[in-house]
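Read the single chain below, which is given as structure tokens and is the form predicted on its own.
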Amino acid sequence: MASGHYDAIVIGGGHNGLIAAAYLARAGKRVVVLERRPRVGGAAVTEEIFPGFKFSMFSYVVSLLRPEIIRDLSLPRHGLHILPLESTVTPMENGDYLAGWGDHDETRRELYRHSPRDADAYDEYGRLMHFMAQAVKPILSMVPPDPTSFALGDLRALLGLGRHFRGLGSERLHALVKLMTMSSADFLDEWFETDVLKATKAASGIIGTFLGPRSPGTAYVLLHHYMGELDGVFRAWGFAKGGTGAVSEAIASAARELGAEIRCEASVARVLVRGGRVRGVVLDTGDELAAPVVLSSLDPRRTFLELLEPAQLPADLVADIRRFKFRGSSGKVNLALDALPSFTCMPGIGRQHRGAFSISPSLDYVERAYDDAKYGEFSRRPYMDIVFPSVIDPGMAPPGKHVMSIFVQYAPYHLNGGWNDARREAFGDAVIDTVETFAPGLKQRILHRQVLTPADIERITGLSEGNIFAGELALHQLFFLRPAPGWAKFTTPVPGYYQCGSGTHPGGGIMGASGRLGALAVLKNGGGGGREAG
């Protein structure tokens, strides 16, 4: 039964799907977003899990959201308000700590306390990473050229890239090659001597990967996260007022104002293909929605192998997508507290609670956490990134109470014996027990807890294997290889069918570049598709 005709249909109401819809509506297209869940946002949602306590359930910090998207969609006018995270404190196992503060000079003095040499190297390292992030930044906004193509557009783009990188100069080009190939630990070894400093920075290189800090390729992920940008300030991490769901709601509000329709609890069973091209979608209810263009913001496995029949795709693409690595390795523990915990390394309640606590006391500690996962177990002493959103946004908890967000690695999707309720709770116990060693008394302050494994993330959000980036940020899955060689331009082999999720270039995080580029590919092609397009 048909029930509507549109210029474009977007599958998935995560932030990328909403952004794609907003850009298409801005161009005058009649577009509808179809979201399986009762609310938009995908992994960027805020939910009141326990009465009065609101949590950013999955993703929890904002820094990568592209400034051009914030500007184009006037997101602050739609309620986007980013509150800065003012510090990062890393408790050490000997009771000391390393702290990075919003005040640069204060951070320098803190580093000097650990190593005068590292304090001197810190500014030079910062300048290099800032320059590298600026050098890579243009790539985030471009459609990856196909190096195997002789099409004029691809050759022109490759030539432009060559000129761009040649302009870096030999020293910085060498640094970029190192960042693209080395492990974060080895790269940081060239700069610093303080283990806790290297561990804290290396932790940014493992997020969203099934890799350890000593694994080659993690230095690039370090750079990927270094490109955090709020209001034009590089390396500025923040918390969205109202949680990450407020980011999604702001984008949805902008999309609606521009004319997009958004339907929740509208699950898509398959993409409708007739006569060799897209004709619309079929919902789980059996209803059909007609459109000459369909964009999927789902991950590559679901986009290609679940919404289409394999026979509708080239065999080599099907094989490539089946090989695409997800390997979700991140879990989340959300706590409702009756009071803030005090950390042994910095006793009392103070400004440190307005920032993040990184449980990464040494490189060996983080690597051992990876060792557990490598052999199919969750980390007994995991790496954790902890924030207290209710300190900077009191509306997240009842008066006098608090919420605590704990991002955890490693919790492998492919756990020995699989995930069940008992294993989930054992994982949660390992997280709480580890935090307790740095913040004694935490257990007595817990009113409620929610433990999320990659299996839970997959079940709730639909992200394959619970990978928060819709596919690992590994070197063999970046740029013109994401999600597969020859299909990194947001098109597919089925004319009219497009990709716009984080499984495409430039990858995950609350960035939105994939949604924007997918929409721009549609507009550039006039609704066409296929290898020659884009």
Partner chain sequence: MTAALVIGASVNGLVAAHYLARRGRPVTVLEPRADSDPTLETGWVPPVLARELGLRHLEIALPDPWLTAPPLALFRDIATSAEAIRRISPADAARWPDFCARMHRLAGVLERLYLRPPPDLETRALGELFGLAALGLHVRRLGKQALIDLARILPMSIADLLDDWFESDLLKGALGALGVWHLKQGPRGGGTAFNFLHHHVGSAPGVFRPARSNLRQVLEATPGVTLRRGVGRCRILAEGGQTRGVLLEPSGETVAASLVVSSADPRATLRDVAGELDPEFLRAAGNIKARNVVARGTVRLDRPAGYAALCHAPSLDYLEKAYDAVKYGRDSDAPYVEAYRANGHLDVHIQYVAAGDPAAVQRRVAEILAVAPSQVGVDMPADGEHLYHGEFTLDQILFMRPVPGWSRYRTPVRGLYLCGPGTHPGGGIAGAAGRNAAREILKDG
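Numbering follows the first chain given and starts at 1. This structure is a prediction, so every number in the text was calculated from the model and none was measured.
Keep in mind the form predicted together with its partner chain is missing from the figure; the text below concerns it.
Enquirer: Of these, 275 to 283, 368 to 376, 136 to 144, 69 to 77, which stretch puts a heavy atom within 4.5 angstroms of its partner chain in the predicted bound form?
Expert: Heavy atoms within 4.5 Å of its partner chain in the predicted bound form occur in 368 to 376.
Enquirer: Among Glu425, Glu190, Asp287, Glu93, which has any heavy atom within 4.5 Å of its partner chain in the predicted bound form?
Expert: It is Glu190 that has a heavy atom within 4.5 Å of the partner.
Enquirer: Ok, Lys178, Arg156, Arg380, Arg459: which has a heavy atom sitting within 4.5 Å of its partner chain in the predicted bound form?
Expert: Exactly one residue meets the criterion: Lys178.
Enquirer: Would Arg445 sit within 4.5 Å of its partner chain in the predicted bound form, counting heavy atoms only?
Expert: Contact with its partner chain, no.
Enquirer: Considering non-hydrogen atoms and a 4.5 Å limit, does its partner chain approach Leu85 in the predicted bound form?
Expert: The answer is no: Leu85 has no heavy atom within 4.5 Å of its partner chain.
Enquirer: Can you work out whether His476 and its partner chain are in contact in the predicted bound form, taking contact to mean some heavy atom pair no more than 4.5 Å apart?
Expert: Looking in the predicted bound form, residue contacts with its partner chain include His476, since a heavy atom lies within 4.5 Å.
Enquirer: Looking at the partner-bound form in the predicted bound form, is Arg263 within 4.5 Å of its partner chain by any heavy atom?
Expert: Taking the distances in the predicted bound form, the answer for Arg263 is no, it never comes within 4.5 Å of its partner chain.
Enquirer: Only counting heavy atoms and a 4.5 Å limit, does any residue of 250 to 286 reach its partner chain in the predicted bound form, and if so which ones?
Expert: None of them.
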